[in-house]
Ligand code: HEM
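Only one chain comes next, encoded as structure tokens, the form predicted on its own.
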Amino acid sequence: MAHKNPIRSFFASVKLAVVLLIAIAAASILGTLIPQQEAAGPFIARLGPGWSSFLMKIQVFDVFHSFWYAALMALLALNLIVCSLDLLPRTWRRYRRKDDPDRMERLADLPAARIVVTGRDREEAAKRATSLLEKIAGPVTRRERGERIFLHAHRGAYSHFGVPIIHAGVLIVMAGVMIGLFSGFEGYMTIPEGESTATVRLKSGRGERVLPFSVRCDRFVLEFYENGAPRTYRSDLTFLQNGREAQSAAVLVNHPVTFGGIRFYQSSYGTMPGGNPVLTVVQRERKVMEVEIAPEMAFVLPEHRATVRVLRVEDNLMDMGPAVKLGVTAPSGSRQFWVFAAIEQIVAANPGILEQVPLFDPASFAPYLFSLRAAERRPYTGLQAARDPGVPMVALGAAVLMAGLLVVYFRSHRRFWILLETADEGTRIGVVGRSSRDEAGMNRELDRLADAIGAEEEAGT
């Protein structure tokens, strides 16, 4: 007797499958309860440096992309493959097995309900029984032995492949999931209205990915309810490939669009400066100059041989709106001060603030008065971009898995035998059968077959 390979036996073990399934379930629960990827930031901040470093190394905060989760899935896949390889030869033998038509030897062992007595001769009764058996089970095999005629038919032999089909479906689903986890990506795009980009910022700080096409935001539409809550925000997008417009589509919340195998979702919106702020210089109510400014730039006030340098530009300094910090260098000395775009509203809300905080006085360098006009703001759309190349394979695997479950639970291999033998009163007919599952259903079908033979015989008399 050949000894089993211990390594093969280990990987084909049901115990191994159970342990792996428990481990994968526990890992999935862990990945659900513990914040993952970007969401893990606040949780990590509450841990000590030692624990956070250790947990990050073992990828607790990115469970579904971790090496150990992939190893568990690979081991389960190997377990299923080895089990299937062991199962397939036996399944194939059962599928190909030819039952002897004359396996049924005696009518005496049958219940009375499965025996029909007819006055017809044996050959004519066999033809009628063959016709009925073909209707429910397909081709009939016939064999004669002495005064007996044996009929045999079967259906549903493919049901033996139900479990291997389920294994195949699970393996295909697992392969699709792993392809999606390690070949797909998920990230964000911020596109100002009227501009385009091909860069996706990947989640969890994984860097950037450049798409093989560009996405342009032609228009962003924001509608509100009467109470001021957002009702609809929509991005009208155009996808550009090789510099040409390939497709236009509107993306709304819960209505994504797909292009180039990448799915785009509406995730956020906002406004951003549309250009640089403008600084106006007035001397004794006469405009001296108007300058579009940027950080670190400088310009000269010729009459006083003064150089003005832009030190900082803020969109919202201390919640008081846009502001710019200037440094003025002149023969009389140097000074620094802030120029706010909303200085009049600031002074009205805080009387005496310019005396208390001279740094906020836009007339600090007399006789000049500086004023700031903030850059116009324009809307931008925030899109979530995701690519999961494993989705078609997961869908295929789910279909295969469903087919396997249907075969296992709703189909069975049913075998039928009919024995006809000559008796004093004519011909006695016995009906018997076996099923790979659902014996109760098989018994009902045998009763119906016996009733049908009996009814046909009575109708013919």
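Just so it is clear, the model here is predicted, and its values are computed rather than measured. In this text, residue numbers run from 1 along the sequence as written.
Omitted here: the form predicted together with this ligand. The next part is about that form.
- Only one of 381-389, 165-173, 230-238, 317-325 places residue heavy atoms within 4.5 angstroms of this ligand in the model of the complex, namely 165-173.
- Contact check for residue 405: a non-hydrogen atom falls within 4.5 Å of this ligand in the model of the complex.
- Not displayed here, this ligand is kept clear of residue 118 by more than 4.5 Å at the level of heavy atoms in the model of the complex.
- Taking the partner from the other structure, this ligand in the model of the complex has a heavy atom within 4.5 Å of a heavy atom of residue 80.
- Using a 4.5 angstroms threshold between heavy atoms, residue 446 stays clear of this ligand in the model of the complex.
- For the candidate spot formed by 122, 125 and 128, no residue has a non-hydrogen atom within 4.5 angstroms of this ligand in the model of the complex.
- A single residue from the set 68, 409, 43, 51 has any heavy atom within 4.5 angstroms of this ligand in the model of the complex; that residue is 409.
- Screening 257, 76, 178, 306 for any heavy atom within 4.5 Å of this ligand in the model of the complex leaves a single hit, 76.
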